[in-house]
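Quick setup: one chain, the form predicted on its own, written in structure tokens, and binding and motion questions come after.
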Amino acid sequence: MQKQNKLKVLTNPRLTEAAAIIEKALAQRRTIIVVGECKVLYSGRAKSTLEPGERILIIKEDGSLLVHRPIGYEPVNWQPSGSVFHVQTKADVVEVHAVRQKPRENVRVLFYEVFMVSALSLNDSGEFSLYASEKEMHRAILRKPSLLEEGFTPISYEKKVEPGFVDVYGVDKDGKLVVVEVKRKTAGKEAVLQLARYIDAIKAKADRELRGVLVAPGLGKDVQRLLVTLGLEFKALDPKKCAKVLKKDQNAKLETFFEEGK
């Protein structure tokens, strides 16, 4: 036993010992990990049998169950939270039975040998922060144009121009065209030169004044000087802020905000 209040571990226990730990841990709503040779039977919306193999069983304190193979990140069998558990030892098998009421589903995990069983009391109050990708930053600006600046109106995104694709293309409050290049990380000189190439490609066809804006969390060394030299602008935008915007508006359709390719 290690850290008695937090963690109890037995290696190579007898099946009766493993069953006792699992049953007690379930009653105490602890997180349980069992490693051993097992067979898995499922019945409910369908039926399946997973023949014996060496696997990892995880039961979480909310009543969810996952059976993992030694490879791959997805469970091969699982049951959502709220399951009711029964544990019993019969012959040379420990059976962990998870029952879900609605819809009615059953997962039976039969252990023929247990290599390790642990019961853990875990506390997790940490906030999960989602950092947006560059494409998600594009979407956030399209959904909430004021992230770039007040009065900005998007026209299109990923607009094809000769050197590549402009991330976001729009008009500012004064009617000037705005070409936006977005970077998720600190922007370097190459990002500035890329934006400059887009400006040069569009300038010949534009019928109004044109602005180039580089959007990123920050700028690398000497990048600000290059921006000024080329007549370009910088707007700081944190990917975390973009993620929060998208989270609040997950169900909105991108097409409702602008006409693609206009």
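Don't overthink the numbering: it's just position in the shown sequence, from 1. Nothing here was measured: the structure is a model prediction, and the numbers come from that model.
Unshown form predicted together with a further copy of the same chain; subsequent notes refer to it.
S.K.: Please identify the residue among 156, 118, 89, 83 with any heavy atom within 4.5 Å of a further copy of the same chain in the predicted complex.
M.R.: That would be 118.
S.K.: Just to be sure I understand the contacts: of 54, 233, 209, 200, which is the one whose heavy atoms reach within 4.5 angstroms of a further copy of the same chain in the predicted complex?
M.R.: By the 4.5 Å heavy-atom cutoff, the listed residue in contact is 54.
S.K.: Heavy atoms within 4.5 Å of a further copy of the same chain in the predicted complex: which stretch in 144 to 152, 170 to 178, 187 to 195, 70 to 78 meets that?
M.R.: Within 4.5 Å of the partner lies stretch 70 to 78.
S.K.: Quick one: is residue 93 in contact with a further copy of the same chain in the predicted complex, heavy atoms, 4.5 Å cut-off?
M.R.: Heavy-atom contact with a further copy of the same chain at 4.5 Å: absent for residue 93.
S.K.: Would residue 101 sit within 4.5 Å of a further copy of the same chain in the predicted complex, counting heavy atoms only?
M.R.: Although a further copy of the same chain is absent here, residue 101 would stay clear of it in the predicted complex, with no heavy atoms inside 4.5 Å.
S.K.: Can any non-hydrogen atom of residue 219 be found within 4.5 angstroms of a further copy of the same chain in the predicted complex?
M.R.: No, residue 219 stays farther than 4.5 Å from a further copy of the same chain in the predicted complex.
S.K.: Within a 4.5 Å heavy atom cut-off, is residue 49 in contact with a further copy of the same chain in the predicted complex?
M.R.: Contact check for residue 49: yes, within 4.5 Å of a further copy of the same chain in the predicted complex.
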